[in-house]
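Coming up is one lone chain in structure tokens, specifically the form predicted on its own.
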């Protein structure tokens, strides 16, 4: 990009990027995160330079409240938002959670569509307006920056939606978010909604118009970009498109579409695009939800070329088959391969390139694990480093109950599969040993762990994949177990797939034990 082009881009309107990975994204089935993991993602989002981080829904559970409060106290360069329904207890709780933030925001919502009014809220239009206005006013008494969302806006009658939006802006809302809650809209339909509001809400110039689109029809990004063309100036999105059902608008797709087609959208974001790929990898690793290979921007195949015709074109001129430079989204043109002779400085440098700025204590722990791994395999790749970092983040969780001390298994043709497992109780300090047989070494290992920990659970899903290529690649296991009707995810990684399986199973058990001692969270009537 030339200097003249850069000046032109700088003069363009800014689209605020509101990241809701830690709130709506975490609502993806199986994507539950612990405190340490949420803080790690929040740090990465700050490095990514998003404008707003929606840290959670504080009233939903004590854990969510504490996570929002911790993020609010840690983040310095982004607005930190907390979600609340239009009820006093929700708003007071949200205000308490973000009060230490440098730039706090309270985000209140109330359903407005006819189907929600009739079947969920059972309230008339006048009552909905009253609830919304009172909610915004109460939030405003705690915080100057208040966002309001009319839930299911895309299925709300336009005259009523206009009334609601005008009323909440009058009450003090500084951002009005228009959600396509169930992914029902199309680009033309959504464009018409935004244009109608701009033309018919008398005080619309006093608030920023935001959009929050779901992907049920695969149109979340298209609808979000259509809204930008119609005048919206904030997009709510998530890393890797995580979210309820089919997910939300994908941050990386929205940001790179605006950047790549600045000639069409004539606007820009403040996102540091070189942090996109590391952030995507971190979120994928911590949530256990893989990114599909052909995913736009961050998928393994996004910048891969196999066709001979394509390869010939790429050799002649990259622009023949690539409209973006992979380095612009943080995918390195070449990878630094580390080995057992690499030092701490080289490791720190590579981790920083991957988006991980670790403190000395955590770097020491990663380096220790790196040396152990480097002794097991010849080359340590970026993907290996990502898994090491995620393991250290998980170990930092002070709520863990058990850790794996040792594991020994016997299996083979004509041999009864047997496992001997030693676990340490992190609350009491004692080491407990048990042995069991099973259908295979992994089944025997799981049986031992269930007996030692006293958990009654059933394995529902088990997924094993290689982190990198080669015979010495680390195996990464993601699994789900069901205990007391609830589902818990676990992940583990090792060059030994049985050990990786044991780590993943124990991770899920620890999550189940945490849940057993706490009240069940409130399920948000959260239809953004």
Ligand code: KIV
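Numbering follows the first chain given and starts at 1. The model shown is predicted, which means the values in this text are computed figures rather than measured ones.
Below, we refer to the form predicted in complex with the ligand, which is not included among the displayed structures.
Participant: If the cut-off is 4.5 angstroms on heavy atoms, which of these, 370, 109, 446, 190, is the one near the ligand in the predicted complex?
Facilitator: When the ligand is considered in the predicted complex, the option within 4.5 Å is 109.
Participant: If you check 179, 243, 135, 278 against the ligand in the predicted complex, which one has a heavy atom within 4.5 Å?
Facilitator: Comparing distances to the ligand in the predicted complex, the residue within 4.5 Å is 179.
Participant: Going by heavy atoms within 4.5 Å, which of 402 to 410, 146 to 154, 288 to 296, 253 to 261 lines up against the ligand in the predicted complex?
Facilitator: Careful reading of the contacts points to 146 to 154.
Participant: If we define contact as a non-hydrogen atom of the residue within 4.5 angstroms of the partner, is residue 214 a contact of the ligand in the predicted complex?
Facilitator: Residue 214 belongs to the contact set for the ligand.
Participant: Give a yes/no on whether residue 24 approaches the ligand to within 4.5 Å in the predicted complex, heavy atoms considered.
Facilitator: Result yes; residue 24 sits at the interface with the ligand in the predicted complex.
Participant: When the contact criterion is heavy atoms within 4.5 Å, does residue 83 count as touching the ligand in the predicted complex?
Facilitator: Residue 83: contacts the ligand in the predicted complex.
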